[in-house]
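Heads up, the chain below is alone and in the form predicted on its own; it's given as C-alpha coordinates.
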(Lines give C-alpha, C1' and ligand atoms only; values in the text may rest on other atoms or scores of the structure.)
Protein backbone atom coordinates (compact mmCIF):
# COMPACT_ATOMS: atom_id res chain seq x y z
CA UNK A 1 0.00 0.00 0.00
CA UNK A 2 2.64 2.59 0.99
CA UNK A 3 5.95 3.26 -0.71
CA UNK A 4 9.26 3.86 1.09
CA UNK A 5 8.27 7.48 1.80
CA UNK A 6 5.00 6.48 3.38
CA UNK A 7 2.96 7.66 0.40
CA UNK A 8 0.04 5.52 -0.57
CA UNK A 9 -1.99 5.45 -3.78
CA UNK A 10 0.10 8.21 -5.34
CA UNK A 11 -1.88 11.03 -3.72
CA UNK A 12 -2.49 9.82 -0.17
CA UNK A 13 0.22 10.93 2.24
CA UNK A 14 0.61 9.10 5.53
CA UNK A 15 0.40 11.40 8.52
CA UNK A 16 0.87 8.85 11.29
CA UNK A 17 -0.86 6.28 13.42
CA UNK A 18 -4.37 7.34 14.40
CA UNK A 19 -3.72 6.07 17.92
CA UNK A 20 -0.93 8.64 18.30
CA UNK A 21 -3.45 11.50 18.01
CA UNK A 22 -5.42 12.44 21.10
CA UNK A 23 -8.43 14.63 20.55
CA UNK A 24 -7.11 18.16 20.00
CA UNK A 25 -3.72 17.04 18.70
CA UNK A 26 -2.27 18.35 15.46
CA UNK A 27 0.57 17.51 13.15
CA UNK A 28 1.96 19.68 10.37
CA UNK A 29 3.44 17.80 7.44
CA UNK A 30 5.38 18.93 4.38
CA UNK A 31 3.93 17.83 1.06
CA UNK A 32 6.06 19.15 -1.77
CA UNK A 33 6.12 22.94 -1.53
CA UNK A 34 3.20 23.19 0.88
CA UNK A 35 2.50 22.43 4.50
CA UNK A 36 -0.69 20.81 5.67
CA UNK A 37 -1.98 20.82 9.24
CA UNK A 38 -3.88 17.73 10.33
CA UNK A 39 -6.03 17.98 13.47
CA UNK A 40 -8.10 15.51 15.42
CA UNK A 41 -11.35 17.21 16.39
CA UNK A 42 -14.10 15.33 18.22
CA UNK A 43 -12.56 12.05 17.11
CA UNK A 44 -12.49 13.06 13.41
CA UNK A 45 -9.54 14.21 11.35
CA UNK A 46 -9.52 17.48 9.41
CA UNK A 47 -6.68 18.87 7.29
CA UNK A 48 -5.98 22.39 6.02
CA UNK A 49 -3.24 24.06 4.10
CA UNK A 50 -1.02 25.93 6.56
CA UNK A 51 -1.86 29.24 4.92
CA UNK A 52 -4.28 31.83 6.28
CA UNK A 53 -6.63 33.31 3.68
CA UNK A 54 -5.81 36.79 5.00
CA UNK A 55 -2.09 37.21 4.28
CA UNK A 56 -0.77 33.68 4.09
CA UNK A 57 0.27 33.30 7.73
CA UNK A 58 0.96 29.86 9.22
CA UNK A 59 -2.58 29.41 10.50
CA UNK A 60 -2.18 25.75 11.44
CA UNK A 61 0.49 26.77 13.95
CA UNK A 62 -1.98 29.01 15.79
CA UNK A 63 -3.67 28.41 19.10
CA UNK A 64 -7.14 27.05 19.27
CA UNK A 65 -9.80 27.94 21.74
CA UNK A 66 -13.46 27.26 22.39
CA UNK A 67 -15.92 29.64 20.75
CA UNK A 68 -16.83 32.46 23.12
CA UNK A 69 -20.53 33.27 23.33
CA UNK A 70 -22.25 36.27 24.87
CA UNK A 71 -24.83 35.46 27.56
CA UNK A 72 -27.87 37.74 28.09
CA UNK A 73 -30.66 37.75 30.62
CA UNK A 74 -34.36 37.94 29.66
CA UNK A 75 -34.11 41.74 29.43
CA UNK A 76 -31.21 41.65 27.00
CA UNK A 77 -28.60 42.71 29.52
CA UNK A 78 -25.21 41.17 29.14
CA UNK A 79 -24.25 38.66 31.79
CA UNK A 80 -20.79 38.06 30.33
CA UNK A 81 -19.41 35.31 28.14
CA UNK A 82 -19.10 31.56 28.24
CA UNK A 83 -16.89 29.12 26.40
CA UNK A 84 -18.55 26.66 24.02
CA UNK A 85 -16.14 23.73 23.87
CA UNK A 86 -18.22 22.08 21.13
CA UNK A 87 -17.00 24.72 18.63
CA UNK A 88 -13.19 24.93 18.57
CA UNK A 89 -11.67 27.96 16.86
CA UNK A 90 -8.22 28.12 15.30
CA UNK A 91 -6.54 31.54 15.44
CA UNK A 92 -3.87 32.57 12.94
CA UNK A 93 -0.75 33.73 14.85
CA UNK A 94 -0.06 36.60 12.45
CA UNK A 95 -3.24 38.70 12.62
CA UNK A 96 -5.65 36.66 14.74
CA UNK A 97 -8.01 35.70 11.94
CA UNK A 98 -10.22 33.08 13.51
CA UNK A 99 -11.58 29.91 11.91
CA UNK A 100 -14.01 27.19 12.91
CA UNK A 101 -11.62 24.27 13.22
CA UNK A 102 -14.32 21.75 12.25
CA UNK A 103 -15.11 23.43 8.90
CA UNK A 104 -12.21 25.77 8.10
CA UNK A 105 -14.64 28.69 7.76
CA UNK A 106 -13.54 32.12 8.92
CA UNK A 107 -15.75 32.98 11.87
CA UNK A 108 -16.44 36.58 10.85
CA UNK A 109 -17.14 35.85 7.18
CA UNK A 110 -18.15 32.23 6.61
CA UNK A 111 -17.66 32.33 2.85
CA UNK A 112 -13.90 32.58 3.42
CA UNK A 113 -12.44 29.14 4.10
CA UNK A 114 -9.09 27.54 4.64
CA UNK A 115 -8.10 25.18 1.85
CA UNK A 116 -9.20 21.78 3.10
CA UNK A 117 -7.91 18.32 2.20
CA UNK A 118 -9.76 15.06 2.74
CA UNK A 119 -8.42 12.60 5.27
CA UNK A 120 -8.87 8.85 5.52
CA UNK A 121 -8.02 6.21 8.10
CA UNK A 122 -6.75 2.88 6.84
CA UNK A 123 -5.48 0.03 8.90
CA UNK A 124 -4.88 2.28 11.89
CA UNK A 125 -3.05 5.04 10.01
CA UNK A 126 -4.19 8.52 9.00
CA UNK A 127 -3.67 9.80 5.45
CA UNK A 128 -4.29 13.15 3.87
CA UNK A 129 -5.32 13.15 0.21
CA UNK A 130 -3.50 15.77 -1.87
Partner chain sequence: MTAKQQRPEFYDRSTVPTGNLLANARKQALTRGLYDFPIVDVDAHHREDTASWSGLIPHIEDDAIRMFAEDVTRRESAAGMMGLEIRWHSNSGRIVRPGVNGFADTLSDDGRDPLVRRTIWAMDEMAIDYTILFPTAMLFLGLHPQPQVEAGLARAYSHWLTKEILPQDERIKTMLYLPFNDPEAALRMVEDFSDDPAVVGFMVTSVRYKPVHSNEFAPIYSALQERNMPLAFHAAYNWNDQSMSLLNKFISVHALGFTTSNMVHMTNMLMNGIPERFPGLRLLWVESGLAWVPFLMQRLDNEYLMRTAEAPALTKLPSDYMRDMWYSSQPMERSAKTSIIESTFDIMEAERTLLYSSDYPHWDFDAPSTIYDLPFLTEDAKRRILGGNALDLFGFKAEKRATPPTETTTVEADQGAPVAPPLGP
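Bear in mind the structure is a predicted one, so any value in this text is a computation, not a measurement. Positions refer to the first chain, counted from 1.
From this point on, the text means the form predicted in complex with the partner chain, which you will not see here.
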For the spot marked by 16, 104 and 122, is every residue within 4.5 Å of the partner chain in the predicted complex through some heavy atom?
no
Does residue 46 reach the partner chain in the predicted complex, with heavy atoms at most 4.5 Å apart?
no
With a 4.5 Å heavy atom cut-off, would you call residue 91 a contact of the partner chain in the predicted complex?
yes
At the 4.5 Å heavy atom threshold, is residue 37 in contact with the partner chain in the predicted complex?
no
Is residue 81 part of the interface with the partner chain in the predicted complex - any heavy atom within 4.5 Å?
yes
Given a 4.5 Å distance limit between heavy atoms, list every residue of 33-64 close to the partner chain in the predicted complex, or none if there are none.
33, 35, 40, 41, 42, 50, 51, 54, 55, 56, 57, 58, 61, 62, 63, 64
